[in-house]
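Listed next as structure tokens is one chain, alone, in the form predicted alone.
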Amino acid sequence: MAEDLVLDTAIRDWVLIPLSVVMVLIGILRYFVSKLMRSSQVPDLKIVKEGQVIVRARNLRAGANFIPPKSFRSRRVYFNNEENGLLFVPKGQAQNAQAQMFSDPNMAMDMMKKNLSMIIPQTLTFAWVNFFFSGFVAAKIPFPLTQRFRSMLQNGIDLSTVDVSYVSSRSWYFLNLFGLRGLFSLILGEENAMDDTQRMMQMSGFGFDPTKSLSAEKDGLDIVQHEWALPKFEHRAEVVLKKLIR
């Protein structure tokens, strides 16, 4: 049977609030430090052109039914031609994103700086939380939860008699670590929000591979079934007007 605990107000004042404030301040400081460490790079003209081609191909697929069939077929041939099409990538010219990164030292250095700006503050903050705030029951969630949430909300507390809705100080650290994106978007702006989940996903990859996107757009254009929608507009307008009159 789970026991109800009475949380001391001192835990709120000296554990819960300081931990939240420190996480916000560290996130803001980490953003400005990473901004200072970021080096200005001249974008690759080939990658920019390939990105614009991908955008044009997507716009063609999205508005395919609003142009005549002959115009759509000529545009599709222009993009998907096996000889000189914009979306056609020969097998020998496909680039490996990992090899491209290791061949460019500036790209590898920027990636290392981003990873260091994420790993070092998180390691120091976790060591600080684990040393000073380990073992505290910091808060209680105002709704019941199942037992599956115990390992997530009560990290560092090995008591099965405590209700699942209680949150330990270490778990509160992880909740702040992954749940402050909305607050950072308000403070730093939507584009500058510090999202650690996205940073972790970026650490597992080595950047954008345009050849795969070109091949995917080429396949998407090949399977588009064109149906010109303009001849049917008069009938649609007639149906809409009849409904409005009724």
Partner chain sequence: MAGHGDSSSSQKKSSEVMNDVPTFSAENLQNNMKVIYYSRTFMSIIGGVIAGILGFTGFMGFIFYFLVMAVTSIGLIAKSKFSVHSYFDSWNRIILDGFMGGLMSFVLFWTFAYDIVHIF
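Numbering follows the first chain given and starts at 1. Fair warning: this is a prediction, and the values are worked out from it, not measured in the lab. If you superpose the two forms and keep the largest set of C-alpha atoms that fall within 1.5 Å, you have the rigid core.
Below: the form predicted together with its partner chain, not depicted.
For its partner chain in the model of the complex, the listed stretch (139 to 147, 72 to 80, 155 to 163, 126 to 134) containing residues with heavy atoms inside 4.5 Å is 139 to 147.
Mapping the unseen interface onto this chain, residue 236 counts among the residues with a heavy atom inside 4.5 Å of its partner chain in the model of the complex. Contact check for residue 215: no non-hydrogen atom falls within 4.5 Å of its partner chain in the model of the complex. Taking the partner from the other structure, its partner chain in the model of the complex has no heavy atom within 4.5 Å of any heavy atom of residue 224.
Though the partner is left out of this view, residue 179 does reach within 4.5 Å of its partner chain in the model of the complex, counting heavy atoms only. Taking its partner chain as positioned in the model of the complex, the residues of 13 to 34 that bring a heavy atom within 4.5 Å of it are, in sequence order, 16, 17, 20. Superposition of the core reveals a Cα shift of less than 2 Å for residue 77 between this form and the one not shown. With the core held fixed, residue 12 shows a CA shift of 2 Å or greater between this form and the one not shown. Residue displacement note: residue 116 has its CA displaced by under 2 Å between this form and the one not shown (rigid core superposed).
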